[in-house]
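One chain follows as structure tokens, the form predicted alone.
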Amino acid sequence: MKMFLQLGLILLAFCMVATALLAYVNSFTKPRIEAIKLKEAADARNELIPDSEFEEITGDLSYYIARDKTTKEIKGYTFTAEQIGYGGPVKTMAAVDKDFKIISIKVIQQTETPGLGTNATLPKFTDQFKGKTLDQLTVDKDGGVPPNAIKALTGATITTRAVANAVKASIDKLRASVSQSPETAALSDSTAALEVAK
């Protein structure tokens, strides 16, 4: 009995030392990892809508307003959409213009099957989203007809649906959020005033 108690105390001591070391190392690496993630997200936004400055809006859907660096006019919006694919969560960063038509998308995180679902990161797949409207974000296996739909990846329909459906749901939320923003309300009021003046 005494031997088991000694072994238990030794094991407890090892666990406490290991936990302390992990916590110590984590305190150094966590800020660096967060900084790298923020830089990667900023680079992805700049790739989707180049030559823009971005303003973050948080809410039900967090998104960024992309403005022209010179004129400060709104060029579009970027957001990250996520849905479970075949191998886990698939995160997609998307950019849309002021009319919520897709400018471009980029799959930024996935754990899909190599050679099948991972093809969602390739331009051959992502380029077909360019210019699509909310109504055209239907996968061909679900009744959509290309080119006014998304052609599913061979052997990776679940991944294709995850990307298309996540982007579609996020655009829907974005449209609702933008329509309620004070800036949009101000633009609507000024447009209505111009119509009355005419």
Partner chain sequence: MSFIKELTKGIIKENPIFVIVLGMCPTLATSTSVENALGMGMAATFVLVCSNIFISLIKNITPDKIRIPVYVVVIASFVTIVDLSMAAFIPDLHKSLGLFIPLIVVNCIILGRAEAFANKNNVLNSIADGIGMGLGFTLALSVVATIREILGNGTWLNIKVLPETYDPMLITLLAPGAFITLGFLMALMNMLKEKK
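Source: prediction; values computed, not measured. Numbering follows the first chain given and starts at 1.
Same protein, other form: the form predicted together with its partner chain, not shown, and the subject of what follows.
Contact check for Glu40: a heavy atom falls within 4.5 Å of its partner chain in the predicted bound form.
Taking the partner from the other structure, its partner chain in the predicted bound form has no heavy atom within 4.5 Å of any heavy atom of Ala176. Remark: Asn26 counts among the residues lining its partner chain in the predicted bound form, judged by a heavy atom distance of 4.5 Å or less. When contacts are judged by a 4.5 Å heavy atom cut-off, Leu7 counts as touching its partner chain in the predicted bound form. Proximity to its partner chain in the predicted bound form, taken as heavy atoms within 4.5 Å, picks out 26 to 34 from the listed stretches 166 to 174, 127 to 135, 26 to 34, 56 to 64. Between the options Leu116, Ile108, Ile103, Ile74, the residue in contact with its partner chain in the predicted bound form by a heavy atom within 4.5 angstroms is Leu116.
Of the residues in 2 to 21, those that come within 4.5 Å of its partner chain in the predicted bound form through at least one heavy atom are, in sequence order, Met3, Leu7, Ile10, Leu11, Phe14, Cys15, Ala18, Leu21.
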